[in-house]
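Next comes just one chain, in structure tokens: the form predicted on its own.
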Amino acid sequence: MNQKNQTNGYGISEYHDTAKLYEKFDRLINTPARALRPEALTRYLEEYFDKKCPKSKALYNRAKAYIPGAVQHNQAFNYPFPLAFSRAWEAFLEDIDGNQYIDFLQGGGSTLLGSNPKPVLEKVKALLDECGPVTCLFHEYEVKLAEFIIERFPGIDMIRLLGSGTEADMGAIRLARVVTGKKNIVKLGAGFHGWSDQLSYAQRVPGLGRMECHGIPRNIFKYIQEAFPNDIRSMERILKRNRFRGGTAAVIIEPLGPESGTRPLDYDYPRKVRELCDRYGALLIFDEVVTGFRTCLGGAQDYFGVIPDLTVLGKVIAGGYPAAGALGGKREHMERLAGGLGGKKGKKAHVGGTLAANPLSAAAGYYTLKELEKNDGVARAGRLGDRLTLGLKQLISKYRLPYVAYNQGSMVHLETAGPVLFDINLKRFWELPKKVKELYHRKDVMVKMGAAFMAEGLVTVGGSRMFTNAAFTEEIIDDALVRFDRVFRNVQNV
């Protein structure tokens, strides 16, 4: 396997051995789930959540009357109830009861420089004094941010700022259809590309298809197909078949793997997909909402040396401020976007958004990226991700657990139950009830493990994923590992 080892400017110091990871995944999901001991879970619930978080619990009970599910964001819900946070700084959070936490959620991965960094905050305050957050008109910071990104991303000649990664993914597939005149879009099973109707197909678990796409008419998925991660033959079969079904407009992938690398890809897989797209006349879309800037300042496309036709960005592009999204790509394609003056004649793809490219978000993103470059923040965050992962592996070995820890730089994964590591085969329908039951059991185990992490002062993404940033220190990571140790010692024996 061709593995790239970089230290200067790259967030990933060494690419993982994907085959060995999948061997560990298989052992995990074929071993009975190792959950917290019931008495330990009860202790966490009673001594922490009930006694130390009364204000959060009261606010949650208020919210249930007014907000569906009592939360506005899917990452905000935590068992047994969501905690309400009032303060964020560098690598830390504080809830409304005054409890402090090490923040591995990091705004869903958006605060690579750290939460509310002072150099950016000062620039944002100055801008708010001058013009306010939104004008819906042209502003210099959208040009500055565009220039910064284009100078570093090899696959981006032009860029359109948008309001979110979801919007950028929607715009990418619309533009691909305009450019190619073809219909079909191929994605990887379990890949997350926002919550638009078409791209909701086959999310979370490969093979799931439209099983959880409630509220979306079946015909919406007529021109969406799913290939299994790392199965390049599966991808080529679909592209061959599509030649007789309207052609393939684009293949869209997260270059490190579906769901932010939860289903990691072989190092050479993006290159192989690039070759197939060239062979079958499809555009290649890299969804770099997470990998953009966390892999390196030129994205995963720079790291792998694979140039996509279109690139989707989000998260850190606004430095943790709202309206974080962008669609970039080759000039000849981007000129087919509607809006403004000039561009190619003929059919164009319409994208928009009232808050897109607002001065506040563009300025915040620009100064965030400048600071990251100035302080080599991407590589620093990656090294701290390495330290966290190594420590987790040592704890897994210490307690003889089947858990799997790995990282792609500052993107750290900890699989304790593995509900997202299952595959669904709809043709073997007789297996589905048992497999779905086991999947939901393991999800429950993972959610309760996340509650234990929270009670130990560790905020994670659903109890299974973590992001480090440039504001973390080795001391913070070592403190976090002591807290993980306290949770792991409370796991049930076989």
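Being a predicted model, the structure only gives us computed values, none of them experimental. All residue numbers refer to positions in the sequence shown, first residue = 1.
The next section is about a form of this same protein that is not shown, the form predicted in complex with a small molecule.
Look at 187-195, 235-243, 361-369, 171-179: in the model of the complex, residues with non-hydrogen atoms within 4.5 angstroms of the small molecule sit in 187-195. Taking the partner from elsewhere, no residue among D386, A480 and R483 has a non-hydrogen atom within 4.5 angstroms of the small molecule in the model of the complex. Interface residue remark: S200 is not counted as part of the site for the small molecule in the model of the complex, having no heavy atom within 4.5 Å. Contact check for V289: a heavy atom falls within 4.5 Å of the small molecule in the model of the complex. Contact annotation: K315 falls within 4.5 Å of the small molecule in the model of the complex, judged by heavy atom distances. At a distance threshold of 4.5 angstroms between non-hydrogen atoms, A357 is out of contact with the small molecule in the model of the complex. Contact annotation: of the candidates A324, L105, A381, V412, the single residue with a non-hydrogen atom within 4.5 angstroms of the small molecule in the model of the complex is A324. The listed set S164, N230, S115, N78 contains one residue whose heavy atoms approach the small molecule in the model of the complex to within 4.5 Å, identified as S164.
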